[in-house]
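Quick setup: one chain, the form predicted on its own, written in structure tokens, and binding and motion questions come after.
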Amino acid sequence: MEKLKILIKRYRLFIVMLIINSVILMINPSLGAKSFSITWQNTLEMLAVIPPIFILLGLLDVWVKREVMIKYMGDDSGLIGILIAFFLGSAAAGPLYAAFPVAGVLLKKGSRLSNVFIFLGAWSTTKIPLLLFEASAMGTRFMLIRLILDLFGILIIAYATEKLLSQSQKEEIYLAAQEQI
């Protein structure tokens, strides 16, 4: 019985969404069928993206020593840590939800919190394929202006967020990363 409670707690969001989709299916069959179709397509997309991400995470976790990560992305990493965080985020492929497990491993390995925030910001806004598309569709000037604004915005948000967090909140984030990965 205890295992059932744990399963229900772990998958409560999935269960709620299944119930909502089922109710929609009963009320409006065509909309419900479309809802289930979209849900299935999203599930397939996630199954295509997540396994390679977790393989890379496993390799990162095993191959990169904590001391190396602390040296290059830790509290005293300075400009090198910022540049690595921007590069990792900008060169990454996949949707934003794939970035969070990577961020967890970075935290587990001792990366500075602001560098992890920079990584997440870069993943969401400065991807290289997006920049190339913008340059061809909207022009190089637009792309450069947006990129420069994004870079400054990401830095400001990352450092402001790190400064606004108390030491206990930071420790809680690092502890949660240790437990989840």
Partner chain sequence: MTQIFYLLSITALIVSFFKSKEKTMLALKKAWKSFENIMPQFLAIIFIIGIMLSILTPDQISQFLGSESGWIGVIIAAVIGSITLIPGFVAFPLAAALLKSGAGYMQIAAFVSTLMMVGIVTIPVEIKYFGKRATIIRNVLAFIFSLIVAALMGVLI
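Please read these numbers as outputs of a predicted model, since none were measured by experiment. By rigid core we mean the largest C-alpha set that fits within 1.5 Å across both forms. Residue numbers count along the first chain shown, from 1.
Although not depicted, the form predicted together with its partner chain is the subject of the following passage.
For the chain shown alone, residue 61 is a contact residue for its partner chain in the model of the complex, at least one non-hydrogen atom being within 4.5 angstroms.
Contact check for residue 47: a non-hydrogen atom falls within 4.5 Å of its partner chain in the model of the complex. Proximity of residue 137 to its partner chain in the model of the complex falls within the 4.5 Å heavy atom cutoff. Within this chain, residue 67 is remote from the site of its partner chain in the model of the complex, having no heavy atom within 4.5 Å. The partner is not shown here, but in the model of the complex the stretch 121 to 143 reaches within 4.5 angstroms of its partner chain through a heavy atom at 124, 125, 129, 130, 133, 134, 137, 138, 141, 142. Remark: with the core as the superposition reference, the CA shift of residue 132 between the shown form and the other one reaches 2 Å or more.
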